[in-house]
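Take a look at this one chain, the form predicted on its own, written out in structure tokens.
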């Protein structure tokens, strides 16, 4: 349930942030409602005012990741001067976002097994928006003609793998350097 009062909205948000931390560190199977309410410093009964259970919270976090990711990238590319510039700025923004919220990124990855419908929806919605942007750039003559659906999924795969490696597994590397190297590959390929 979406609360109507500011206090209720704040409490619900606190539960979501606690669940993000708990699911992101413990995993869905090992996390319990008790773990979430303890982290949120709230009573179990209060959690059930806003959510039916941990499955609903988990699914909402996957949806939230999709929404926030698209929002962060849209803001980052809003002043881009070309599609290639948008690719560079979007990749950089995505990688920084994932590094800031690695638990949320981990939740999306776990959704593949916990909530396959939410997982599929997350990536398909992202791919559709990506494909639309690529098609517009193709029509404008900024990029060469090709299959933009495949391009969208390939570019998403690059970002996904880099997020996994450098935001979750090994967050010590300079994220701007990672984005620059990946963008060079996107822009120039492997050809000498």
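Numbering follows the first chain given and starts at 1. Quantities reported herein were computed from a predicted structural model and do not represent experimental measurements. For clarity, a rigid core is taken as the largest C-alpha set superposing within 1.5 Å between two forms.
In what follows, reference is made to the form predicted together with another copy of the chain, a form of this protein that is not presented.
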{"query": "Residue (of 47, 31, 62, 155) lying close to another copy of the chain in the predicted bound form, criterion heavy atoms within 4.5 Å", "finding": "155"}
{"query": "Residue 162, heavy atom within 4.5 angstroms of another copy of the chain in the predicted bound form", "finding": "yes"}
{"query": "is_contact(residue 120, another copy of the chain) in the predicted bound form, heavy atom dist at most 4.5 Å", "finding": "yes"}
{"query": "Contact test in the predicted bound form: residue 52 vs another copy of the chain, heavy atoms, 4.5 Å", "finding": "no"}
{"query": "4.5 Å heavy atom contact, residue 143 to another copy of the chain in the predicted bound form", "finding": "yes"}
{"query": "Within 4.5 Å of another copy of the chain in the predicted bound form, all of 7, 74 and 115 (non-hydrogen atom)", "finding": "no"}
{"query": "Flag for residue 52, CA shift 2 Å or larger between the shown form and the other one after aligning core", "finding": "no"}
{"query": "Rigid core superposition, residue 137 Cα moves 2 angstroms or more between the shown form and the other one", "finding": "yes"}
{"query": "Flag for residue 30, CA shift 2 Å or larger between the shown form and the other one after aligning core", "finding": "no"}
